[in-house]
Structures are given as structure tokens and as C-alpha cells.
Ligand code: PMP
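Coming up is one lone chain in C-alpha cells, specifically the form predicted on its own.
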Amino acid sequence: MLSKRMQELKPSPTLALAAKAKQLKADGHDVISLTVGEPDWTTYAKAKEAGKTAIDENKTTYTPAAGIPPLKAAIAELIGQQIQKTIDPSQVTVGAGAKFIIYAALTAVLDPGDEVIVPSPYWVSYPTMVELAGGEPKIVQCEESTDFKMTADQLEQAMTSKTKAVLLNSPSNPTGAEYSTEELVALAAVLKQHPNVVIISDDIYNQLSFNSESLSPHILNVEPSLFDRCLSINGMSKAYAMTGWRIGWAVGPEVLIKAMASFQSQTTGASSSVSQWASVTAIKDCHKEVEQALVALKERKTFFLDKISKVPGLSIFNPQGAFYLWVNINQWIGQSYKGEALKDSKQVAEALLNDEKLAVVPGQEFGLDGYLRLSFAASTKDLEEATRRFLNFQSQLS
């Protein structure tokens, strides 16, 4: 009955692990989950009030598929400031979360057999979304020696006559690595030599950068001429703590934006009207709250790095943004745990969840085994207890 596509499709591993952790918690277990990339602070008060007001004012009907004009204007102003370019609202489309917007972008540009260059470690959904859109993911393995970032040489070597798009994510999920201005200059120089390649820049964590500007460098900052084939994708989930409101967007050349809007009109239709009005207020009026959230994240990062680094056998990558620690567990692989040799990161993650009631995501799911991704968007109490459970697990290795 099911199509071949559906038979081969697997659920999001991060959401599956989070669901298992929630079920264990519902069953009465004391579970600490460091799985889902979700802020543990609530949506900012001004945004919540704007959502309530939208309901009271009956702004609850269908909207244009590409978003209400005030939200598109707010996004155009925000992203225009970030990439230092005047953006027209016609160059913006709003959809049901940045995840769907990425899929819409891939659908808009890919024909069967087209290749998409995906640096690894990658966000778990990238390869699957490329395949669902009819393309073929071309994985570029990035090493710890380059802070898990794709080099210009690697990009050039990955290019073929089938290359249609490149996916960039900075700061990265899962590593928290951020491309520097110099690295982006080098990547842009390669891309300029391949004028038919589209750049899909997943910027969802760009306002959660730990650099002095509190904003990640963007490839359009260093090479504005790429705008005519670059889609900058972002949303309300991370910096604005609005994961459940499901608002994402793309900014880019009008020909691509119109195509994506048409696709949205035939699939999801418009995003929630209430969520859109709340997002207008969040973008315009919640700058201070975003700054405060970033300060809290920096404090948690420092706290968790200090704690988790003391667990024997772990090597921690110091992130430049987002809210993840990318933890090297290769010294644990091959050791014995309860009489059984640990063979990979998935087995380690399963043992941590089953025995320590600690939920983490194995590096396998991000395209690089031997690592775990830990979210530090959690309370310091939970982060300290998570460290204690890591120590207890490690003490049983032999």
C-alpha cells in the first residue's frame, strides 16, 4: 500500500528520542533530556500578548500563502540589517516553520538526479529532505581539524556537473561551529566560479552567536553578488523561543520566492495567522529579550563545559553559537559496559537513556559516529545532574 518513498522514510531521530524520553518520564522515571533543539525558556511576554490580541481582534482567517504584509515587512527589515542590503517584502516568503521552508526551497530548485552538497556533521533532516525533493545528497565529511566546517578546497572538489545547490548552516547544528568571515570569503570565491549553483543558507541560529557582534557572519556580507542565487532561511523557533508557533521564512531572489510561495499554496497553505501576528511583535519589540537569552546561553555553555569536561574519556568541542555541545566519545568506543563492548555512538546513547535516564543524540544521526550531541538549553540544575549521570556511566566502563 505504501509508496517506496514512504517505506524508506524514517522519522526524525531527534524527535523520536525526545518522544521516548517523554514517555519514560510519563511512566514515572526521572529523565533528563538533552535531545531536542528547543529553548527551555518561554515565548517572550510581548509576543504572547500579541498572539492573544490577534485572537481577540479576530485575526484568525486565512492569510496570503507567503505571509501577512506586516510580517514580511518586519522580516525584510531584520534580514536587510543583518546582510546589509535593502530587502523588498516581495523577496520574503513565510511558511510553517524553517524546516518546511528548507524543504520548499529544495523542491523549488531540484530536478531528479540533481546533487546537493551537504557538509557533515549535518542537521539530521537535510539528506532526507534532499531525497524527498528528488535530489541526491552529496555528503562532504568535515574533520575536527577544521572545526567540522567545509573548506573551500572540499567544496571545489565536491562540485560536479550535477551540483544544483549547497547547504550551509552557521552556527551549526549539531556542532555549534560558526564560519568566520575569512572562511566565507573562500567559499564565496568557489561559488562565484559555479554560477548555476544555488546557496541555501540555514541561519536559524544566527542570532545565538557567541562572537562579539552576537550575530554570525553571512556569506552575503562578504559577497553580495551571490544574492540572486542565495536563499537565507530563518525562523522564530530558536532566538525567539517560539518552536510551537511554527513560523519560518526565506529571503532571496523573487523568482525563487514566488516558486516557493506557489508550492506552499498547494501544500500547507498559509501559516497560522495568530502565529504570524505574534511574530511581528517578537521581531520588532523583543530585541532586549533575545539579548538576555543569549547572555543566559553563554553562562550555561561555560557552566556545562566546565562540568562535562571533567568526565574521563570525553573531549568537548567549544561551540561558537547555537546551544549544543558536540562531544567526542571515541575513547569510550570499544570499552566494555556491563559485559558488552560499546561499538558506536548509538549504543552509548541507548545505554545512557535506558540505564541513566539521560537522553542525548548519537553522532551517527548527524553523519559522524563517535560523538554525542548535548543541548545545553536546560537549567544548570539539569546540566549538573546530567554530568553526574555521565560520570556514573563512565565509572562502569572497563
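Quick note: we count residues from 1 along the sequence shown, nothing fancier. No experiment lies behind these values; they were computed from the predicted model shown.
From this point on, the text means the form predicted in complex with the ligand, which you will not see here.
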Within 4.5 Å of the ligand in the predicted complex by heavy atoms, the stretch out of 152-160, 300-308, 175-183, 118-126 is 118-126
Practice item. Classify Arg246 as contacting or not contacting the ligand in the predicted complex by the rule of any non-hydrogen atom within 4.5 angstroms, answering yes or no. Key: yes
task = Please check if Ile204 has a heavy atom lying within 4.5 Å of any heavy atom of the ligand in the predicted complex.
result = yes
_Gly135, heavy atom within 4.5 angstroms of the ligand in the predicted complex_ = no
- Does Ala104 reach the ligand in the predicted complex if we count a contact as any heavy atom within 4.5 Å? no
Answer key, the ligand contact in the predicted complex at 4.5 Å (heavy atoms) among Ile79, Val198, Ala98, Ala108: the residue is Ala98
Among Lys72, Lys238, His218, Arg229, just one has a heavy atom within 4.5 Å of the ligand in the predicted complex, namely Lys238
Of the residues spanning 300-326, the ones with some heavy atom within 4.5 Å of the ligand in the predicted complex are Tyr324
